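Shown below, as C-alpha cells, is a lone chain in the form predicted alone; questions about how it binds or moves come after it.
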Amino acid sequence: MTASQNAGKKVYIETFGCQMNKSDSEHMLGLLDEVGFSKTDDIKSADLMILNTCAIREGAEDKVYSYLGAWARYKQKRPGSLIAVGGCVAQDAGSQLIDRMPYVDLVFGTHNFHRLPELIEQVQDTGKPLVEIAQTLPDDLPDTPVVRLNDISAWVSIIYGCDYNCTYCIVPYVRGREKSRSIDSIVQEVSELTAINYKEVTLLGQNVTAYGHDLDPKINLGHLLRALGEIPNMGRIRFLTGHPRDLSIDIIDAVKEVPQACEYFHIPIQAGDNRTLRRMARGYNIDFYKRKVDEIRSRMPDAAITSDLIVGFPGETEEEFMNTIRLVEEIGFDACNTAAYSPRNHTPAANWPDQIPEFEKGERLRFLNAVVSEVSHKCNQRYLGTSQEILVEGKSGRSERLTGRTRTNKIVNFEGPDVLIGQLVNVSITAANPWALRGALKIEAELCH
C-alpha cells in the first residue's frame, strides 16, 4: 500500500478500555498516517472506521456490538468506506464478529495490529472481509510509528501481556504472555519525546511491575526508571498497572531516588479477604499487601496509593465483602477503581456455582463506592494549605478553569491564563472534594521548570 493510493482518505478511531488500548490506537494512527490516511474526529467523513475494543467486562463487549450497529448506517451512506475491529474483543471473538456483523470488513487482534496497513490493503484489493488473529506476539517486537493524541503527556508501552492466571481475568487469553521491550528502545522513545518538549510519560503494561524479568540479562522496572532519569531535561515519569507480587523494594527505592519519578503507586488488590484472594488466584494475602503499602509509606509518607476492587465475586459472602470495606478504611486508599464481578469466557470463575445475583452485586458496589468516596475525601483534605507542583493539561470541562495533576496524580482545578497549558506551575490548594482539588495559582505565577 502506498500513501498516494490513500491520499485524502480519512480514518476515525474509537477506543474502549485501558491506557494500553489508547496507546495501541495512537500506533494504529501512526501506521495509517504513513500510508496516506489522516485522522478525523468526524465519523461521517471517514473512509476507514476502526473500533479498538476492550473485553475486560461484559458491558464493554456489549458496547462494541451497539457501536457497530450504528456504524453500519454510516458505512451505508458512504460507499467504499470500511469498518475494522481490533483489540481484545476482536482477539477473543475472531470470525464470530463478522458472522454476527457481516458488514465488518476487517477483524484484527492485539498481537498483529502492526500489520494493519497491509491488512487494509488486502481488504481493499479483494473486496472481501478478512479475519487476521495471531496467537502470540512476534519474537522481535516491531517499533511502530505513532500519532500522539496529546502533546503534553505520552503513553509508552514497555511490556505486553500477563503471566498470571487470575480466575476472573481474560487478559492473559487476549493479550498473551509477558514480553518486555528492550531498555534501549524505551530510552530512545522517551528521549525523543523529551526532545520535543513532552513534560510527562506514563510507562504502560498489563503488568508493568514485571518489566524486564524476561530479558537477558534480567532487569526490573527500577533499572528502567533510573535509566530514564538520566535523560537530559526528562520530565515526570509515571507507571501503571502492576501486580503487588512484582512490586519490589528496588522499584520502590527507584521511585524515591529518581527525581522525575512521581510518588504515585497504583497497586490493584481486587479484594480485602484472604479466602476471596485465594479463589481469585492472586498469589498473595492481605498481610503481604499491607507490607507493600508499609514499604512505600516508610520511604515516601506522602505517596499516593490507589487500587482496583471487585465486588460480588462468585461465592463472596457478606462478611468477606465487609472485609474489603474494612481494608479500604484501614489502608486509606487515595482512590479506587471499583467494579462488580463480570463473568468472562475462558475464565474459570465464569462457570463456578454461587454466582452473586446482579441486584446484590449492585448493592455492594454502591456501598463500596460510598466508602471509597469518603476515604478519598479524607486523603484529599491533607492537601489543604499546601503548595503543589501541577502539570497543566488544559481546561476543566466547559469551564474556563485550568486543570492539571499533582505528582501524586490528584486532579487540581484553578484559575489561570491559557498560556500555562503544558507548563509546570505551583498552586496553593484551597479546597478538596473526593474527586479533585481546587487551588489558586501562586502570586508569583512562576513556572516550576
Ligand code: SAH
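The numbering used is simple: start at 1 and walk along the sequence shown. Since this is a predicted model, take the numbers as computed values, not measurements.
Another form exists, predicted in complex with ligand SAH; not displayed. Remarks below refer to it.
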Partner-contacting position among 236, 75, 344, 275 - heavy atom within 4.5 Å of ligand SAH in the model of the complex: 344
Sole residue of 155, 113, 160, 168 within 4.5 Å of ligand SAH in the model of the complex, by heavy atom: 168
Among 332-340, 294-302, 212-220, 146-154, the region lying within 4.5 Å of ligand SAH in the model of the complex by heavy atom distance: 332-340
Heavy atom of residue 57 within 4.5 Å of ligand SAH in the model of the complex: yes
Partner contact for residue 243 in the model of the complex: ligand SAH, 4.5 angstroms, heavy atom: yes
Exercise: residue 268 in contact with ligand SAH in the model of the complex, heavy atom 4.5 Å: yes
Residue contact check: residue 180 to ligand SAH in the model of the complex, 4.5 Å heavy atom: no
